[in-house]
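Here we start with a single chain on its own, the form predicted alone, put down as structure tokens.
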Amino acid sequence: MPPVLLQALSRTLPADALLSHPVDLLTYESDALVHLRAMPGAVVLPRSTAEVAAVVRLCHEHGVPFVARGSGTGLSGGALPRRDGVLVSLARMTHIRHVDLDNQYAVVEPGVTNLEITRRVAPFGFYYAPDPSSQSVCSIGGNVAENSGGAHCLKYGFTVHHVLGVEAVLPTGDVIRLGGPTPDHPGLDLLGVLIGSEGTLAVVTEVTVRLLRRPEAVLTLLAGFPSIDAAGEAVSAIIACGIVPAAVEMMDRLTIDAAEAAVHPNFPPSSAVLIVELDGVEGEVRELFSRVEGVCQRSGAETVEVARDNAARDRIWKGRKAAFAAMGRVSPNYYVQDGVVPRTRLPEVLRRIRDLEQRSGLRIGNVFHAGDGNLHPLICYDESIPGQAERAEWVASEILEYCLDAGGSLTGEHGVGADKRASMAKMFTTDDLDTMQRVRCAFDPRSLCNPGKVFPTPRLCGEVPGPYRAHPIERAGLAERF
């Protein structure tokens, strides 16, 4: 880190907004993907768009890379810092600037947590629809970067469907506004380009989000099945009936056991459970709900529990949303993967994962958004046992291969980040990647904004992207051993 830049930052920011001591920097060396770590050169904690712009402008002037970070809950290494760069933490930008219930939108700073928006407007009958499992701690800025989804994305879509506009700081330090509370802005859809770009194009400093009215009725059931295949067949049958639930979630026995140990949701002792939720107009919801119950029973459900009140519904969702963190109850370490397969291919891919579990010797828990085929395998390992961490990384990469073989995707909501960039060339052609890189270079010609993420081989703008480079695990020959 150039001393002249540190001096300039110290003159620009309040004394408590610049961290450079190694002990202070330890907190920021990784996001929730903890096996990828790097100590940042410095950390800044701005409280306003003006301070973010000043920091970015200084980085641009000195040719120093920078990485934006929200709450650090990301699972792809998207906020992995640079040793020679500045980490821009947006954790202090936590104000809800404006709420307009008549026009159903709110303007918030990027450090506001996902759930806080709903808490603010719930007394008036509104809510914010995207609901990642980490919604009580993950920030809106990070949701925008990763285009986060959640349990209810089957019916309500992802972050991109609920963001109306943003204020953002370009890699030059210039401040721009894209979109806004009124619909259908003219010109190119640069807002759509920015959402899901994983912090590689700009630093978002304000977000205008869409608010929805609470549905008249919400009905939830928990069904236990003798196998994941049977539960998967039930999912396909529900959708085939023309029913689009608000959410369809699935958990296998290992993740059920973990949730029981952590939050005691009293799930049935089945091999798999489905959580199905419908919402909307009460008469229609009740009619469709009875059909969903019938589908589950015809598909071989061993038990069907209908949540009779909000307390029962909250208990069911608490068990589902605790699944990731709860894995620490059954394994000293675990690796969370994120891939997507067509819904009808779920049983096939899950069978391949079970076979992989046997061949690798590592337990794999499965919890996922079954309605849209978004898998979240949890690969259990013990880092104190030599070779297990590397084996878990290989298993995670192998699961992505199964998703692509089935016509799916590398990620549904966790992003590519630093973790999956080596796999991008397995999904996209060289021309595809070259086109994406051209867009990135239009925003950031000096490659200073979150460099080394998303693309297989980090390149400066103007260079031709290189060919696919094998994942380090593949180069080590571990794939052949398993």
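Predicted model only: the values in this text are computed from it and were never measured. One-based numbering along the sequence shown.
The form predicted in complex with a small molecule is left out here; the points below concern that form.
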{"item": "Stretch in contact, per heavy atom within 4.5 angstroms of the small molecule in the predicted complex, of 54-62, 30-38, 433-441, 420-428", "value": "30-38"}
{"item": "Residues L75, G141 and A145 all lining the small molecule in the predicted complex, heavy atom within 4.5 Å", "value": "yes"}
{"item": "Proximity to the small molecule in the predicted complex, single hit among P171, G373, P377, P110 (heavy atom within 4.5 Å)", "value": "P110"}
{"item": "Interface residue in the predicted complex among S409, S133, S299, T118, criterion: non-hydrogen atom within 4.5 angstroms of the small molecule", "value": "S133"}
{"item": "4.5 angstroms heavy atom contact with the small molecule in the predicted complex for I275", "value": "no"}
{"item": "is_contact(L219, the small molecule) in the predicted complex, heavy atom dist at most 4.5 Å", "value": "no"}
{"item": "Residue contact check: N366 to the small molecule in the predicted complex, 4.5 Å heavy atom", "value": "no"}
{"item": "Contact label in the predicted complex: V292 to the small molecule, heavy atom within 4.5 Å", "value": "no"}
